[in-house]
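Each of the two blocks below gives one form of the same protein chain as structure tokens; they are labelled structure 1 and structure 2.
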Structure 1
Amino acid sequence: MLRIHYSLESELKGGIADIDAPQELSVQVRNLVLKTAKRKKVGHGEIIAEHPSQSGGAFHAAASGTVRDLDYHHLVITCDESGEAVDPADVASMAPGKELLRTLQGLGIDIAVLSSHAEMLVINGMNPEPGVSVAEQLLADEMKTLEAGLEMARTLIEPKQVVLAVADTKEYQLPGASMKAVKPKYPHSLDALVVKAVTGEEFPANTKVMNVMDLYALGKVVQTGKPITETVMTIDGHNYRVPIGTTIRHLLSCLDMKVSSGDTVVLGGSFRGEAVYSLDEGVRKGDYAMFVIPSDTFPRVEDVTCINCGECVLNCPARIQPNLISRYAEYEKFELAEEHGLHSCFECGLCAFSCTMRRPILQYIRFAKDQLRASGQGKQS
């Protein structure tokens, strides 16, 4: 088997730039609880949907405007320049407790990691995937916001120790945290592998992990009292602040990027990202990159038969059998996939990336997890 070094190192090209305000936002609302209606006017920062879980953060309008279209999958807002916006919340002065947690949740923060105490808090400062430099950019340019986020996290989690994991080629320091150097090679940036690098244990008790992007979002909410309405994305080697719901078409136009017939546009990284089916698709909360992959770069992914070459098993950091699990998922034998380690999968994407036959292994695994969740049998995220 050929071992390839997938480097997480990157060269920052200036600071974080702003994207021109879009005229339209397309927000994915599938499986969310809608809080608005068609033809209703919304202000900048107004809640438009809530997460169905007890800890998931709410979703907000990234600009003022009118809900032009709404269905099970998408909510489309035609933006205007009215400037209407929700009033900020005084998060910084609130005492720790349920009210603070619910306020953070209402401002778009996933509070799962903040809802209970732990002995150790690990801050994952690694760039998430090759070619994505968002984590490093935030550590370089947004330290005050990260400090505000860490202060809030410490208040709620009350850890005895905080550790920042960063690439062993960097010297970033986060006040209030010790530093752990990690080799910048994918998939070392995955939360589970970062925790193991810091503690020496797999899934240790009394340890929680947050990535730098989530810590930054928490810090922004603390500093401004305003909801999360934007994400930071690496696009063509540069980092941009992008309103959530901004369409791919708008991003391509602003950055003068061309897409030809047969090319693939991916939101997220090259290993874990998802191809968009339309240029009118909007950027989601948690999208940290966009890539345009020319049609002749890689062989096409196809639903072909697995030849049991074993490359996916040899590359799997979770030490499971992606070939077997994906076949169970393909034929909708989801319980068997679960029995054979489905939920041990980190979704790193190395299996599909190394597949000799170019099978959509990661997509099969995600499909199985989604189906089990929908039936109430799988683990809830």
Structure 2
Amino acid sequence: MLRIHYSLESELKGGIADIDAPQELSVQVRNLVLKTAKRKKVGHGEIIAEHPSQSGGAFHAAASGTVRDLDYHHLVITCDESGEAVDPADVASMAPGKELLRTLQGLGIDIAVLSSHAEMLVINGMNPEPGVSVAEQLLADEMKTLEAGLEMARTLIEPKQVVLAVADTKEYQLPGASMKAVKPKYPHSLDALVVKAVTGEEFPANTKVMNVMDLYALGKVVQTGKPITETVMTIDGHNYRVPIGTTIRHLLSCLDMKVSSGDTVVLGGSFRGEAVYSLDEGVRKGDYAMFVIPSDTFPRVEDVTCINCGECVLNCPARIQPNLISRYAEYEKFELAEEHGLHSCFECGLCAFSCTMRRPILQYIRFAKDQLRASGQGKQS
């Protein structure tokens, strides 16, 4: 009756496969600073938008082409054969400092974690969510790139100690990093819990965490000097290298998958990802999986009252009371939600996963966090 899919173990089926080059790229540009305009030509790797924050990485065209359509939300590029590309930057020979960080940011890396020192660096090598095997695939196949990424992270963060956390069923080593075995069961793969497994502390100061997907992206940039224009994602148990902006329609047709009306298509993980509303939506930077969930697989989410069954509380790894917090959020009492530990939540989704009434608890929690952030009262993002 209660089917639980918590396992993070994965069986790798072959290597990382490529996807046929898409004809069209669709990039979400909502809230970004645009760097191109309609009907302009872009080269492969050219910046199309920048992140408004201090540290967020820039966004690049994953192929050469022309901007066909541009609105508040989307930027659509029609790809061409010109193959025009930007020149690689020589990242590897740069000395650590502001300039290196700016260059990395310009190449699409989020530099928040890299821009200050820390004593301990934890590399999260766990598969992020059930049904996703990207992390393990990268550890198995892309060691060279990961090492390059770690090298760069080391120069910038200058940690005294580096620990790689991996599933206790697997043996992977990164040079110079000690290993920590973690039970491969969701939610143990979440950064906060991995850090706790390694250090024994909750949200410790002076510790930074990076996952292998980010490390891989960093390594790739260091090795090639080219911006990030692709992401590795698990689809139906296999891993693919997908250009950012590839439409879901294209992915589905390449992989011969069928979607019918009423189904849910998820970018990102099964627990934390986002359901897309159109097949024309493109893959985003950092997406590590795509799921197609037929409409009759799970009972519908319903916005109904809580019956106080307690399942969400008993399943919450952050030891907070999602039933209370979601109700506070529902009635816009965000400060009360905050008082009751809203910011301890690391959005694992287990509360909503196990809710008897199928309340959208995680949605309420994210809503409360967003509202607090927007009103500038949030102490922490």
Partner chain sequence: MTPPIIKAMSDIATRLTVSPAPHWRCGRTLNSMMRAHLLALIPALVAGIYMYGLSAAATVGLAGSVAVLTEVFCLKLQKREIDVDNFTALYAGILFAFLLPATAPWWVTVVGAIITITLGRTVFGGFGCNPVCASLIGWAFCRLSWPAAMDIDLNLANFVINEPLFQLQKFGVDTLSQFNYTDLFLGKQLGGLGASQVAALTVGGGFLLIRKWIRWYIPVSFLLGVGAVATLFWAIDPGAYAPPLFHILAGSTMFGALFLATDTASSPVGKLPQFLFGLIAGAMVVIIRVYGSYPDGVPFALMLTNLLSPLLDRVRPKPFGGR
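Structure 1 provides the reference sequence; residues are numbered from 1 along it. Since this is a predicted model, take the numbers as computed values, not measurements. Think of the rigid core as the biggest set of C-alphas that the two forms share within 1.5 Å after superposition.
For the form predicted together with the partner chain, the corresponding chain is the one labelled structure 2. Relative to the superposed core, D370 shifts its CA atom by 2 Å or more between the two structures. For L324, the Cα coordinates differ by 2 angstroms or more between the two structures after the core has been superposed.
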